[in-house]
Ligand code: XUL
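One chain follows as C-alpha cells, the form predicted alone.
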Amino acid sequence: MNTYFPEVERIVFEGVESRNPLAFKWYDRDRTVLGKTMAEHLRFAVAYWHTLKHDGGDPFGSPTMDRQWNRFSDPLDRAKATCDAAFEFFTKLGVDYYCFHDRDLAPEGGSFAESCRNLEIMTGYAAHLQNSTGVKLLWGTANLFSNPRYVHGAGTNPDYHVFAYAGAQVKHAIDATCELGGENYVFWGGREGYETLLNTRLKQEQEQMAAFLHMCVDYAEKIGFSGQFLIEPKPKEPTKHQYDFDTATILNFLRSHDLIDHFKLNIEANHATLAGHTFEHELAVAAAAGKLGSMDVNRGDLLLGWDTDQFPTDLYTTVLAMLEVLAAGGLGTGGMNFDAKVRRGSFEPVDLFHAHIGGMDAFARGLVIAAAIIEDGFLEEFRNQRYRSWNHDGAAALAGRSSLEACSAYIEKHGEPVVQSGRQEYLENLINRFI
C-alpha cells in the first residue's frame, strides 16, 4: 500500500531532539503514563471527511487541493480510490481508528436504493481494508445536513416525509457501523435547529427529535449493536438556534425525554468556544454527569468566530483537556478524532501528515504534563483545602439532611464568614512551571 503518499514512510517516534518533520517528537505510542500506554489513553482517529474529502474550497475561492484519488470519473471507482488512500494514510500515520459519515465513504446515488447499494459495497470494501491493516472504526454517522432535502432539518423537519427519509438513512448508517465493528455511533444535528420562530413549533420539533432518537435506540437493540451512542453539541452554524447548543443543553434534553441512559457526548473543542465556553469546561460538564464519551480535537480562530476546524497545537488547551479526561477515568470506547482540516494554502498531500503529527504530539505532550501535575498532587490538595468545610460543617447539607433553620443556627453560632482567596494566579503559575 504505497500509491498515494509514496514520499512518506511510516511515521515513528524519534524524540524531541529530532529535526525530522515526519516523525513524532512526543507521541510514543507504547510509552506508559499512569498505568496505560499513550495509544490507550489517546485513541487517535482520523476524520475521513476533512482528511480525504476536503478540497480547499471556501465561499470566496475554488478548490486548491487536486487529490489523485479524486480523479476517477465513476463515483464508486472514486470512492474505492479514496478508501485506498485513506487506509494508506491511516497506516503510515500509525493511528488505530478512523471516523466517517455515510456519504463520505459512499457516494449518494440517484435514488435511495442506489445510495444504499453504494454504502453496502463500500462497507464491504472498508471491511476488507480494516482486516488487512488492523485499523478500526471509532464511530460512524449519517450526513443529514448536506442534501437540499434537509434544508429544514432532519429529525426536526416540519415534513414527516423528510423525517422518515432521515430515519431510513440512519438505519443503513447504523447497519454499516455495526458491520464494521464501530465502537460508537455519533448523532450530530447539523440542521437540527431553526432560523425564526415565525415558522417554527419549537416544542414539537424537540419532541420529534426525541422520538427519532428513541427509534434509533430501539433499532440498535434489535440488531445487537453494542456500540455507544454519542451526541455532539454545536451552538450555531448552519442554523442560528441549534437544539444541541452545548453539553448542558443536551444533558437537559436527554433527561427530559428519557434518553439519558442511552447516550454520552462527543465534545468538540471548536464547538465549545463557539458556545462561549472553553474546551475543558465542556469536558468537565459532561464528565460530572458521567457522560463524557469521546472528543473531536481541533481548535477555532478566536479572531474569526466561526467553525474553522484547525488542527490543535495549543499546549495549554491540551494540558487542561487531558486533566479533565484523566480525572474522568479516560474515554472508554471513545477517542480523539481529528475533526480538523489543513488550511487552504496547505494543499500538498504531505501537509496532511504534518498537521496530524502536530496534533498528536500536542496531545501526547499534554498527557505527559497533565499526568505530572496529577502525580505532584498540588491541584487536588488545594481543592481539598478549599472545600474542607464541606467534610464536616456542610456534610449534612450536601447529603440533603439539613435545613434553612440549621443554616440560621450555624450563623448565630459562627457569625460572619472569613472569605478565602481563590489563588487563581498562584495556580496558573504552578501550571506554567510544569509546561
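From 1 onward, residues are counted along the sequence shown. Everything numeric in this text was worked out from a predicted model, so none of it was measured.
Just so it is clear, the following notes concern the form predicted together with this ligand, a form of the same protein that is not shown.
For the options Glu280, Asp175, Asp307, Glu205, the one in contact with this ligand in the model of the complex, meaning a heavy atom within 4.5 Å, is Asp307.
Of the listed positions (His356, Lys234, Arg299, Arg103), a single one reaches within 4.5 angstroms of this ligand by any non-hydrogen atom in the model of the complex, namely Lys234. Here the chain stands alone, but in the model of the complex its contact with this ligand, taken as any heavy atom within 4.5 Å, falls in 139-147 among 220-228, 282-290, 139-147, 80-88. Residue contact check for Trp188: one or more of its heavy atoms lie within 4.5 Å of this ligand in the model of the complex. Using a 4.5 angstroms threshold between heavy atoms, Asp244 stays clear of this ligand in the model of the complex. Although the partner is absent here, Trp69 is not a contact residue: none of its heavy atoms lies within 4.5 angstroms of this ligand in the model of the complex. Although the partner is absent here, Trp49 lies within 4.5 Å of this ligand in the model of the complex, judged by heavy atoms.
Taking this ligand as it sits in the model of the complex, the stretch 146-171 never comes within 4.5 angstroms of it through any non-hydrogen atom.
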